[in-house]
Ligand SMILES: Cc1ncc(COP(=O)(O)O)c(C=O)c1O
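One chain follows as structure tokens, the form predicted on its own.
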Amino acid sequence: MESWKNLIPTPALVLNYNIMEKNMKYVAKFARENNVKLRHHVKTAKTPIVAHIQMKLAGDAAEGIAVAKVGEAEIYRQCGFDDILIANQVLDPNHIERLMKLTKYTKIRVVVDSEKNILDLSKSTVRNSTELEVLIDIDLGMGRTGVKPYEPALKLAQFAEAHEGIKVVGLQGYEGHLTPQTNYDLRKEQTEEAMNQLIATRDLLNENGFNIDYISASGSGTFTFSGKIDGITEIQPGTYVYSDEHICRVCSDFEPAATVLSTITNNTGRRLYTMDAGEKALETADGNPLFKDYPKCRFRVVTEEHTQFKSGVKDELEIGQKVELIPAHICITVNLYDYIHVVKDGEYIGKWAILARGKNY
């Protein structure tokens, strides 16, 4: 067993620094070579030091960060980030008031997709004597948020521009529903079609008096397609930094950098074991994690504090042994932990606080 494992109490979230850096360099190199800006989405790592490392590696290609919630924006602003895109709608009155405070000393933008939201934001800018830049959120087929492209987007942009304190500066589109597509050619074709809708919508807005040259799009599973299309000015992937089973299945250039470390606590039968990582330590809604180094191990029962599993025929396991698990969905897994333990060059170098953990509001 690697010596660093003895230094970490389990269950624990562990980061292989070298793999994380390799993943980061791959995306930074892509951004530079394709003349597209990289807006690192921090909703995965939730750890400001990780974003600082990525910004440094990306250099001139870096274009601030994207966050999911106002709470994340507040944490990252305190940690020195001053170009922040909230890549979701901000609707709750409390959230809006906190957003307005951020506009006083931060370059911060949000996305909008409804007249109601625009009205509320406008009223708040007036009350707070401030202004807010917004992107029109375009639904590219995911059906989760966003207004339809073309005429509906134009109508909403015109509505926004007519209201005090609101300035339309760009478009956002997220084609996340295409990430699970394992057929490379089909994923490429569908992503390009989605980007063409974004660009055509931008052209329609500009033909009607707007002057927009800012389009933010894409995630870890599709940026290699969208980032090559003329007119897409920035990409905002996030999962790639740590990666997980889902992303590695469709993007072989990435490796899982973050794992859950667990200790085998019982040998309950022939090839039957129990470990100390259960539902409170593992996210399983999107599928069970994979056993690193033991691909034949299979989950049987997951409860609050334990997981029962069956080993492969040739696996040699014992009570007290520590095993690593590759999460199916790393973003939710990270949000279960206060710290991530960092291993670099095979040595344990300490733990980083996941400062934006739980900032879901």
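Keep in mind it's a predicted model, so treat the numbers as computed, not measured. For every residue, the number given is its place in the sequence shown, counted from 1.
The same protein also has a form predicted together with this ligand, omitted here; what follows describes it.
When you look in the predicted bound form, the only residue of Q197, T103, S122, T239 with a non-hydrogen atom within 4.5 Å of this ligand is T239.
This chain appears without its partner; in the predicted bound form, the one residue of A87, L261, L132, I84 with a heavy atom within 4.5 Å of this ligand is A87. Here the chain stands alone, but in the predicted bound form its contact with this ligand, taken as any heavy atom within 4.5 Å, falls in 41 to 49 among 290 to 298, 41 to 49, 304 to 312, 55 to 63. Not displayed here, this ligand is approached by Q172 to within 4.5 Å at the level of heavy atoms in the predicted bound form. Although the partner is absent here, R144 lies within 4.5 Å of this ligand in the predicted bound form, judged by heavy atoms. Contact annotation for G165: none of its heavy atoms lies within 4.5 Å of this ligand in the predicted bound form. In the predicted bound form, this ligand stays beyond 4.5 Å of every heavy atom belonging to S243. Contacts to this ligand in the predicted bound form (heavy atom within 4.5 Å) from stretch 185 to 220: S218, G219, S220.
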